[in-house]
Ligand SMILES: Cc1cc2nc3c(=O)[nH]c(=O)nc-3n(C[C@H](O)[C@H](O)[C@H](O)COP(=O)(O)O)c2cc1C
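Presented below, as structure tokens, is a lone chain in the form predicted on its own.
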């Protein structure tokens, strides 16, 4: 099985990396392969609502988003880690997720397992966690949880290693996520995926 990790931080080896690495140890013990894509230091422009991805099957801006789409397709689980800027996820990772999820609209993401984690000096982790979960919920992706809201604290590089509770939360989250991924794989074999109705899109315009 495969887990794709998105590191939204611009800091290589920073506190978001520490949180994700704690999860990766558990995934390795559970026999789950992990690939991490570092996003925060890249030049990722936002979605311009051109709808060209409907025609092309990929985003019109040929960058890290299009490179990551096939990896998402192959993954059984998706973890998105984001630093907190002004009480929400940093702009680069949001631009990346907007375009990744929208341009892969034809990709069936049903029952891939998702988890968002937030890293902050002090506040904003729960709001950022909520923000990340919306990408999963709109895509039929079950959201994994641990033993608390998925957050780790630390400002300066390496401070997250001192957050014993936050790192324990990452391990609990990874164990639960691994269980869900394996359970979904079993369910797909034995039961198949849930039936999908044609999507009823309503725009409330007179």
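Positions refer to the first chain, counted from 1. These figures come from a predicted structure and were not determined experimentally.
Not pictured, yet referred to below: the form predicted together with this ligand.
*Asks:* Can you say which of 41-49, 56-64, 152-160, 168-176 gets within 4.5 Å of this ligand in the model of the complex, counting heavy atoms only?
*Replies:* Every other range fails; the passing one is 152-160.
*Asks:* Just to confirm, with a 4.5 Å cut-off on non-hydrogen atoms, which of 120, 72, 111, 94 contacts this ligand in the model of the complex?
*Replies:* Selected option: 120.
*Asks:* Which one, 100, 132, 84, 78, lies within 4.5 Å of this ligand in the model of the complex by heavy atoms?
*Replies:* Contact residue from the list: 84.
*Asks:* Looking at the partner-bound form in the model of the complex, is residue 188 within 4.5 Å of this ligand by any heavy atom?
*Replies:* Because no heavy atom of residue 188 falls inside 4.5 Å of this ligand in the model of the complex, the answer is no.
*Asks:* Even though this ligand is not shown here, does residue 182 get within 4.5 Å of it in the model of the complex, heavy atoms only?
*Replies:* No, residue 182 is distant from the partner.
*Asks:* Quick one: does residue 25 come within 4.5 Å of this ligand in the model of the complex, counting heavy atoms only?
*Replies:* Outside the cut-off, so no.
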